[in-house]
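Next up is one chain by itself, shown in structure tokens, the form predicted on its own.
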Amino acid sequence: MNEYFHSVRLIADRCKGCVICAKRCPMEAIRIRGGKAQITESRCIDCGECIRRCPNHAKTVVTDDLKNLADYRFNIALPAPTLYAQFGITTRIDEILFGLTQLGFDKVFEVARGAEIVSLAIKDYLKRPGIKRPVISSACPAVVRLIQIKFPELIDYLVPIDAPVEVAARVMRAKASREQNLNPEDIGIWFITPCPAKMTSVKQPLGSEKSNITGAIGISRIYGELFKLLQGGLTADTRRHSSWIGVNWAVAGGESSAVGMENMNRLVVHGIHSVSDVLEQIALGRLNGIDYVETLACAGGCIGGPLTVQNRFVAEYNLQQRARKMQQEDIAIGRKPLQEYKESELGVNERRAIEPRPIMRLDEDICKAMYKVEVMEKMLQQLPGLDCGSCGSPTCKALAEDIAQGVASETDCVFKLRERVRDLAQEMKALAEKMPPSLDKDSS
């Protein structure tokens, strides 16, 4: 398997070796060894759950920086609608967009506009006969990776359309190349991202050979500078083009509303553990009456991303207020949301099948895998089942798997170790009381 890029990294100096991150990781990708967390990269889906839960802030995200803009002749910012939610309604979107140009970007294009394009495309896709249902949203890259690894049988249920940010990048790269008379390689396109999974999807695209996005810059990285600019007052000459429909994609339920599923059975699920539970239900065939499942790894949607700065409940309030105001303003001036799109904007010819990554298998050799399953089940019966995590594995089942894989031992369990010590003490006590035959009167 080729080396896989991950944006989530450990800051070893800060790690105290607690098991909080290991126990919260939905993929059981973290173990504590030598007093430090270790991330099994083949299992990590960059959902950022460990970043949220670590009390010592020992996890970080590798993203790009404004300094990287110097590598390109023309730079375009793609702000996620989540960026708007970091500010109150008194800060207009026009000002935020203009503020980005003051940070060094030559042009700004809203991901919310890409979301409107994707909404129309999904609406058309759902009309196709014979598609597998429930259709599962593919906009969240962490969820797509979860399906690749844990539920590969559900890949065919995913919407075969790029995420809004990828569509936005494709549109802008072609437009800027044409208008600025530049080679596409001279154009830097930067996603202002709320989460690490989006950064990973730039390096490891899902559903295409190469991403149209050059890099990703975390919202938290630029928020301070942008906030100062906005506080200073800006005379914005940049205009928003997106409608409330695209902006609403940042909150849970926004995608379903944008697609227009009033007459369909839809399910909105957010939070990576809840998403995993629902996907399991789909895999078991228990949600056959559902038409569409909107899945988001972060609680509340992208506004809950680990690279945001605003409390997610406040951010949701900000965005709902903003969307309501945008709708009123647009209706007042007769401006309508996007009504049509071009097939070329979806990059259908560039798409490739999303491949399963079944790294949860115990062994590629079926005979060895079956043997390891036996070892694992036998060991699991012997372990206490308390899932205390003191062994460094998140659960007793995970420890049993680690033992079967030969990367842990039974005595890593503190209870099994105590049993061994007790048995050894009893044996030593019995030996200590035993006399040599020449002195043992009871043996005569």
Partner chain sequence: MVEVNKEEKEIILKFTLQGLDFETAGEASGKIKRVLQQLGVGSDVIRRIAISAYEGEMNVIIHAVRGVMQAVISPVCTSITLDDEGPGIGDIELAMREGYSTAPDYVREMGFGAGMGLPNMMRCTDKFEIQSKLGVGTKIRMIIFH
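Positions refer to the first chain, counted from 1. Here the structure is a predicted model, which means the values were calculated and not measured.
Keep in mind the form predicted in complex with its partner chain is missing from the figure; the text below concerns it.
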Contact test, all of D64, D65 and A174, partner its partner chain in the predicted complex, heavy atom 4.5 Å: no
Of K210, R361, K127, R178, the one that lies within 4.5 Å of its partner chain in the predicted complex (heavy atoms): R361
Listed residue that, although its partner chain is not shown, lies within 4.5 Å of it in the predicted complex (heavy atoms), from V314, V348, A369, L182: A369
Contact test in the predicted complex: E280 vs its partner chain, heavy atoms, 4.5 Å: yes
Interface membership of E41, its partner chain in the predicted complex, 4.5 Å heavy atom rule: no
Interface membership of L383, its partner chain in the predicted complex, 4.5 Å heavy atom rule: no
Contact test in the predicted complex: R52 vs its partner chain, heavy atoms, 4.5 Å: no
Stretch in contact, per heavy atom within 4.5 angstroms of its partner chain in the predicted complex, of 152-160, 115-123, 166-174, 198-206: 152-160
Heavy atom within 4.5 Å of its partner chain in the predicted complex - qualifying residues of 385-400: K397
